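Each of two forms of one protein chain follows alone as C-alpha coordinates, named structure 1 and structure 2.
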Structure 1
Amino acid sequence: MILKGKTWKFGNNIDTDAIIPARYLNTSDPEELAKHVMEDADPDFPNKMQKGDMIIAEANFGCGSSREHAPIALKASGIQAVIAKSFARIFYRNSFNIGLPIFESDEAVAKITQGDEIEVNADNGVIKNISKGEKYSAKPIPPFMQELIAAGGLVEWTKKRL
(Lines of atoms letter the chains of each structure in order from A and count residues from 1; the text may use other names and numbers.)
(Lines give C-alpha, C1' and ligand atoms only; values in the text may rest on other atoms or scores of the structure.)
Protein backbone atom coordinates (compact mmCIF):
# COMPACT_ATOMS: atom_id res chain seq x y z
CA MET A 1 0.00 0.00 0.00
CA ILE A 2 1.39 3.42 -1.00
CA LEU A 3 0.27 6.48 0.98
CA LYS A 4 0.88 9.90 -0.54
CA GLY A 5 0.22 13.25 1.04
CA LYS A 6 1.32 16.57 2.49
CA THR A 7 2.86 16.83 5.92
CA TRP A 8 2.21 18.73 9.15
CA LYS A 9 4.89 18.88 11.81
CA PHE A 10 4.45 18.67 15.58
CA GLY A 11 6.86 18.58 18.52
CA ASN A 12 7.65 16.21 21.38
CA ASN A 13 5.12 14.59 23.74
CA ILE A 14 1.93 15.35 21.81
CA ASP A 15 -0.52 13.95 24.34
CA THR A 16 -3.95 12.45 23.80
CA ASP A 17 -5.60 15.51 25.37
CA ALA A 18 -4.02 17.55 22.56
CA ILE A 19 -5.08 15.02 19.91
CA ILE A 20 -8.67 14.91 21.13
CA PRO A 21 -9.52 16.93 24.28
CA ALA A 22 -11.53 15.09 26.94
CA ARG A 23 -14.27 17.74 26.74
CA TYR A 24 -15.40 16.08 23.49
CA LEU A 25 -15.40 12.53 24.85
CA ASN A 26 -19.08 12.44 25.69
CA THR A 27 -19.39 10.83 22.27
CA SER A 28 -17.42 8.21 20.38
CA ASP A 29 -18.81 9.16 16.96
CA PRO A 30 -15.71 9.31 14.70
CA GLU A 31 -17.07 12.19 12.58
CA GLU A 32 -17.76 14.32 15.68
CA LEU A 33 -14.32 13.56 17.12
CA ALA A 34 -12.66 14.39 13.78
CA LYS A 35 -14.01 17.97 13.96
CA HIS A 36 -11.70 18.62 16.93
CA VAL A 37 -8.62 16.66 15.95
CA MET A 38 -5.33 18.14 17.27
CA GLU A 39 -7.29 21.19 18.42
CA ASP A 40 -5.34 21.79 21.63
CA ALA A 41 -2.01 21.46 19.82
CA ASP A 42 -3.13 23.82 17.00
CA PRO A 43 -6.66 25.32 17.16
CA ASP A 44 -6.77 25.83 13.37
CA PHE A 45 -5.67 22.31 12.51
CA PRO A 46 -9.14 20.82 11.87
CA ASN A 47 -9.84 23.61 9.33
CA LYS A 48 -6.55 23.74 7.51
CA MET A 49 -5.74 20.05 7.18
CA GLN A 50 -6.84 18.15 4.09
CA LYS A 51 -7.89 14.55 3.77
CA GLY A 52 -4.82 12.47 2.95
CA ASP A 53 -2.37 14.64 4.91
CA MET A 54 0.15 13.05 7.25
CA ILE A 55 1.48 14.04 10.66
CA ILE A 56 5.20 14.11 11.41
CA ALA A 57 6.03 14.39 15.11
CA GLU A 58 9.01 14.14 17.42
CA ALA A 59 9.20 11.64 20.32
CA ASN A 60 6.46 10.06 22.50
CA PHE A 61 3.49 10.88 20.26
CA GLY A 62 0.16 9.93 21.87
CA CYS A 63 1.28 9.94 25.50
CA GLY A 64 -1.28 10.15 28.28
CA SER A 65 -4.72 8.59 28.22
CA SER A 66 -5.69 5.21 26.77
CA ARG A 67 -8.49 6.80 24.77
CA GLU A 68 -8.87 5.05 21.44
CA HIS A 69 -10.71 8.21 20.43
CA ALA A 70 -7.26 9.68 19.65
CA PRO A 71 -6.29 7.42 16.72
CA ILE A 72 -9.99 7.26 15.75
CA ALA A 73 -10.17 11.08 15.48
CA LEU A 74 -6.98 11.16 13.40
CA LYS A 75 -8.18 8.42 11.08
CA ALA A 76 -11.70 9.85 10.69
CA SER A 77 -10.31 13.30 9.90
CA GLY A 78 -8.50 11.81 6.93
CA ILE A 79 -4.96 11.76 8.34
CA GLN A 80 -3.42 8.87 6.39
CA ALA A 81 -0.49 8.12 8.65
CA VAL A 82 1.61 9.40 11.53
CA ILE A 83 5.41 9.25 11.45
CA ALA A 84 7.20 9.95 14.72
CA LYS A 85 10.50 9.28 16.45
CA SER A 86 8.57 7.18 18.98
CA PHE A 87 5.01 6.51 20.11
CA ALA A 88 3.54 6.13 23.59
CA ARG A 89 2.74 2.51 24.26
CA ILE A 90 -1.07 2.52 24.41
CA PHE A 91 -1.39 4.82 21.39
CA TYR A 92 0.88 2.42 19.49
CA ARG A 93 -1.36 -0.58 20.30
CA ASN A 94 -4.53 1.34 19.59
CA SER A 95 -3.33 2.50 16.18
CA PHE A 96 -2.66 -1.05 15.00
CA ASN A 97 -5.90 -2.27 16.55
CA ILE A 98 -8.02 0.25 14.65
CA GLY A 99 -5.95 0.44 11.48
CA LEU A 100 -4.23 3.84 11.58
CA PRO A 101 -0.85 3.40 9.87
CA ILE A 102 2.02 4.64 12.05
CA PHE A 103 5.77 4.56 11.45
CA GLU A 104 8.85 5.22 13.57
CA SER A 105 11.72 7.00 11.83
CA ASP A 106 14.23 9.43 13.39
CA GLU A 107 15.59 10.26 9.96
CA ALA A 108 12.27 11.14 8.35
CA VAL A 109 11.25 13.32 11.29
CA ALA A 110 14.59 15.16 11.20
CA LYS A 111 14.56 15.81 7.45
CA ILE A 112 10.93 16.43 6.52
CA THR A 113 9.84 20.07 6.72
CA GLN A 114 6.20 21.01 7.09
CA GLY A 115 4.40 21.01 3.76
CA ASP A 116 6.74 18.50 2.10
CA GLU A 117 4.92 15.98 -0.02
CA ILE A 118 5.85 12.42 0.86
CA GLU A 119 5.07 8.91 -0.25
CA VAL A 120 5.09 6.08 2.28
CA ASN A 121 5.29 2.45 1.27
CA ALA A 122 3.36 0.86 4.14
CA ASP A 123 4.66 -2.60 3.25
CA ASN A 124 8.40 -1.96 3.48
CA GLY A 125 8.51 1.32 5.45
CA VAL A 126 10.31 3.27 2.72
CA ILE A 127 9.44 6.97 2.91
CA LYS A 128 10.05 9.08 -0.21
CA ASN A 129 10.23 12.84 0.18
CA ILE A 130 8.92 14.00 -3.21
CA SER A 131 9.50 17.69 -2.46
CA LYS A 132 13.14 17.18 -1.47
CA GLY A 133 13.97 14.14 -3.58
CA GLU A 134 15.13 12.16 -0.53
CA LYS A 135 14.47 8.65 0.77
CA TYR A 136 14.26 7.50 4.39
CA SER A 137 13.42 4.24 6.06
CA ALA A 138 11.08 3.53 8.94
CA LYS A 139 11.64 0.80 11.52
CA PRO A 140 10.18 -2.45 10.21
CA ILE A 141 6.71 -3.27 11.53
CA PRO A 142 7.04 -6.23 13.97
CA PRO A 143 5.77 -9.55 12.55
CA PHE A 144 2.86 -9.80 14.98
CA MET A 145 1.67 -6.30 14.04
CA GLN A 146 1.85 -7.34 10.39
CA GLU A 147 -0.30 -10.36 11.26
CA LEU A 148 -2.85 -8.01 12.87
CA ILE A 149 -2.85 -5.73 9.82
CA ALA A 150 -3.21 -8.71 7.46
CA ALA A 151 -6.16 -9.99 9.50
CA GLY A 152 -7.87 -6.58 9.22
CA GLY A 153 -7.31 -5.47 12.81
CA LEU A 154 -7.57 -7.01 16.27
CA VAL A 155 -11.32 -7.67 16.12
CA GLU A 156 -11.01 -9.72 12.93
CA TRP A 157 -7.92 -11.48 14.29
CA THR A 158 -9.83 -12.39 17.46
CA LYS A 159 -12.90 -13.51 15.51
CA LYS A 160 -10.83 -16.11 13.67
CA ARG A 161 -9.46 -17.49 16.92
CA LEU A 162 -12.69 -17.73 18.94
Structure 2
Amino acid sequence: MILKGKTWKFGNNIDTDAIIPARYLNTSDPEELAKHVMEDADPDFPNKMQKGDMIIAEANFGCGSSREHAPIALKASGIQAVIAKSFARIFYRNSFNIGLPIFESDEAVAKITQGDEIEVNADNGVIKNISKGEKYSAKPIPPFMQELIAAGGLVEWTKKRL
Protein backbone atom coordinates (compact mmCIF):
# COMPACT_ATOMS: atom_id res chain seq x y z
CA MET A 1 0.00 0.00 0.00
CA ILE A 2 1.42 3.38 -1.06
CA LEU A 3 0.10 6.62 0.47
CA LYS A 4 0.98 10.05 -0.87
CA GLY A 5 0.03 13.47 0.45
CA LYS A 6 0.82 16.80 2.08
CA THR A 7 1.80 17.01 5.74
CA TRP A 8 0.56 18.89 8.79
CA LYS A 9 2.85 19.03 11.80
CA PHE A 10 1.85 18.82 15.46
CA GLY A 11 3.78 18.55 18.72
CA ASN A 12 3.99 16.19 21.68
CA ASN A 13 1.09 14.75 23.67
CA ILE A 14 -1.72 15.55 21.25
CA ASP A 15 -4.55 14.00 23.22
CA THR A 16 -7.90 12.70 22.07
CA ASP A 17 -9.57 15.95 23.20
CA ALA A 18 -7.32 17.91 20.84
CA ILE A 19 -8.08 15.45 18.03
CA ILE A 20 -11.84 15.64 18.57
CA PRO A 21 -13.01 17.96 21.38
CA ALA A 22 -15.30 16.37 23.97
CA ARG A 23 -18.01 18.97 23.27
CA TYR A 24 -18.69 17.18 19.95
CA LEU A 25 -19.03 13.70 21.41
CA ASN A 26 -22.82 13.90 21.46
CA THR A 27 -22.64 12.24 18.04
CA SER A 28 -20.82 9.27 16.62
CA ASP A 29 -21.51 10.30 13.01
CA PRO A 30 -18.08 10.26 11.29
CA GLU A 31 -18.95 13.11 8.92
CA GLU A 32 -20.04 15.36 11.78
CA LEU A 33 -16.92 14.52 13.80
CA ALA A 34 -14.73 15.27 10.77
CA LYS A 35 -15.97 18.88 10.73
CA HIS A 36 -14.20 19.47 14.07
CA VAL A 37 -11.06 17.34 13.75
CA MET A 38 -7.97 18.86 15.40
CA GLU A 39 -9.74 22.20 15.95
CA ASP A 40 -8.51 22.53 19.55
CA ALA A 41 -4.92 22.06 18.34
CA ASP A 42 -5.44 24.32 15.30
CA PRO A 43 -8.85 26.06 15.02
CA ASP A 44 -8.58 26.40 11.22
CA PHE A 45 -7.37 22.85 10.58
CA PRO A 46 -10.72 21.43 9.40
CA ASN A 47 -10.89 24.18 6.75
CA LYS A 48 -7.23 24.06 5.70
CA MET A 49 -6.58 20.34 5.37
CA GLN A 50 -7.55 18.37 2.29
CA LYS A 51 -8.49 14.77 1.73
CA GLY A 52 -5.33 12.69 1.43
CA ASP A 53 -3.23 14.84 3.78
CA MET A 54 -1.19 13.26 6.56
CA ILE A 55 -0.38 14.29 10.11
CA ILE A 56 3.17 14.31 11.47
CA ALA A 57 3.37 14.48 15.26
CA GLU A 58 5.93 14.20 18.01
CA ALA A 59 5.60 11.65 20.84
CA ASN A 60 2.52 10.18 22.53
CA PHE A 61 -0.03 11.06 19.84
CA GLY A 62 -3.57 10.08 20.84
CA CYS A 63 -3.03 10.03 24.59
CA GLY A 64 -5.94 10.66 26.93
CA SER A 65 -9.25 8.89 26.84
CA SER A 66 -9.83 5.61 25.04
CA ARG A 67 -12.57 6.90 22.77
CA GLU A 68 -12.63 5.61 19.19
CA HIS A 69 -14.01 8.98 18.08
CA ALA A 70 -10.45 10.35 17.65
CA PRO A 71 -9.22 8.02 14.88
CA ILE A 72 -12.72 7.97 13.37
CA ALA A 73 -12.69 11.78 13.10
CA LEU A 74 -9.23 11.74 11.49
CA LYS A 75 -10.16 9.09 8.95
CA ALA A 76 -13.53 10.67 8.13
CA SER A 77 -11.87 14.06 7.57
CA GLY A 78 -9.70 12.53 4.86
CA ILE A 79 -6.45 12.22 6.82
CA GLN A 80 -4.99 9.10 5.26
CA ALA A 81 -2.22 8.41 7.80
CA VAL A 82 -0.49 9.66 10.92
CA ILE A 83 3.27 9.46 11.45
CA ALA A 84 4.54 10.06 14.98
CA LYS A 85 7.46 9.24 17.24
CA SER A 86 5.04 7.20 19.35
CA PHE A 87 1.34 6.62 19.94
CA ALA A 88 -0.74 6.04 23.02
CA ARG A 89 -1.42 2.32 23.14
CA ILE A 90 -5.24 2.50 22.97
CA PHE A 91 -5.12 5.04 20.11
CA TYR A 92 -2.75 2.72 18.24
CA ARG A 93 -5.17 -0.18 18.52
CA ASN A 94 -8.26 1.93 17.80
CA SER A 95 -6.62 3.30 14.65
CA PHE A 96 -6.12 -0.13 13.16
CA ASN A 97 -9.56 -1.23 14.35
CA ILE A 98 -11.16 1.50 12.23
CA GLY A 99 -8.68 1.23 9.34
CA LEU A 100 -6.49 4.32 9.84
CA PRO A 101 -2.83 3.62 9.01
CA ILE A 102 -0.31 4.94 11.53
CA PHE A 103 3.49 4.77 11.47
CA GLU A 104 6.24 5.30 14.04
CA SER A 105 9.43 7.04 12.90
CA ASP A 106 11.64 9.36 14.95
CA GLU A 107 13.67 10.24 11.85
CA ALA A 108 10.68 11.19 9.69
CA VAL A 109 9.16 13.32 12.44
CA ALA A 110 12.47 15.14 12.97
CA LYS A 111 13.01 15.93 9.28
CA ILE A 112 9.56 16.43 7.75
CA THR A 113 8.24 19.97 7.89
CA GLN A 114 4.67 21.13 7.50
CA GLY A 115 3.60 21.22 3.88
CA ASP A 116 6.12 18.64 2.65
CA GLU A 117 4.80 16.16 0.10
CA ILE A 118 5.56 12.63 1.22
CA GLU A 119 5.00 9.07 0.06
CA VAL A 120 4.66 6.20 2.52
CA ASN A 121 5.12 2.55 1.60
CA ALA A 122 3.23 0.60 4.28
CA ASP A 123 4.71 -2.69 3.11
CA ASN A 124 8.34 -1.84 3.84
CA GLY A 125 8.06 1.27 6.03
CA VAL A 126 9.93 3.57 3.64
CA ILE A 127 8.84 7.20 3.80
CA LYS A 128 9.96 9.36 0.89
CA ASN A 129 10.00 13.11 1.36
CA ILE A 130 9.33 14.22 -2.20
CA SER A 131 9.79 17.89 -1.30
CA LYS A 132 13.29 17.35 0.11
CA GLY A 133 14.45 14.27 -1.80
CA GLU A 134 15.02 12.30 1.41
CA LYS A 135 14.06 8.83 2.66
CA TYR A 136 13.29 7.72 6.21
CA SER A 137 12.39 4.43 7.84
CA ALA A 138 9.26 3.59 9.81
CA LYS A 139 8.15 0.33 11.28
CA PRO A 140 6.30 -1.44 8.45
CA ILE A 141 2.68 -2.37 9.07
CA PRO A 142 2.40 -6.15 9.55
CA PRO A 143 0.40 -7.97 6.83
CA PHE A 144 -2.56 -8.73 9.11
CA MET A 145 -2.84 -5.06 10.12
CA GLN A 146 -2.69 -4.11 6.43
CA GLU A 147 -5.62 -6.48 5.84
CA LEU A 148 -7.59 -4.59 8.51
CA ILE A 149 -6.81 -1.25 6.85
CA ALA A 150 -7.67 -2.53 3.36
CA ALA A 151 -10.99 -3.90 4.63
CA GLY A 152 -11.89 -0.59 6.29
CA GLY A 153 -11.26 -1.75 9.84
CA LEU A 154 -11.85 -4.71 12.13
CA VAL A 155 -15.65 -4.76 11.82
CA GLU A 156 -15.55 -4.77 8.02
CA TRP A 157 -12.74 -7.36 8.01
CA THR A 158 -14.84 -9.60 10.28
CA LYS A 159 -17.96 -9.18 8.13
CA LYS A 160 -16.02 -10.44 5.11
CA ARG A 161 -15.00 -13.51 7.06
CA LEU A 162 -18.54 -14.45 8.17
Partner chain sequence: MTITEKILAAHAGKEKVSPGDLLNAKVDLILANDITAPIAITEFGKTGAKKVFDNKRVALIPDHFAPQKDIKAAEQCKMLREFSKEQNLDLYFEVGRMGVEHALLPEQGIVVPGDLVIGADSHTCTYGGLGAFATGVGSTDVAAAMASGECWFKVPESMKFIYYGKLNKWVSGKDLILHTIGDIGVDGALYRAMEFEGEVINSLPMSGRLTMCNMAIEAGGKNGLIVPDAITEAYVNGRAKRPYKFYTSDKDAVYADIREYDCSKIEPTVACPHLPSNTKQASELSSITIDQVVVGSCTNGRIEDLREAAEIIKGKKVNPNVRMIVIPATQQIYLQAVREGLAEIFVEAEAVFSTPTCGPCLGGHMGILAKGERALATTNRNFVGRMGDPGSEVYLSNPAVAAASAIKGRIALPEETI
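Residues that one form lacks are left out of the comparison. Numbers follow structure 1, counted from its first residue as 1. What you see is a predicted model, and the numbers here were worked out from it, not measured in a lab. Rigid core (definition): largest C-alpha set, two forms, superposition within 1.5 Å.
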Next on the checklist: Please identify the form predicted alone: structure 1 or structure 2?
Outcome noted: 2
Item to check | After fitting the core, residue 138 CA displacement of 2 Å or more between structure 1 and structure 2 | outcome: no
Item to check | Core-aligned CA displacement of residue 11 at least 2 Å between structure 1 and structure 2 | outcome: no
Checklist entry - Does the C-alpha of residue 153 move 2 Å or more between structure 1 and structure 2 once the rigid core is lined up? => result yes
Checklist entry - Relative to the superposed rigid core, which consecutive-residue segments of length 3 or more display CA displacements of 2 Å or more between structure 1 and structure 2? => result 140-162
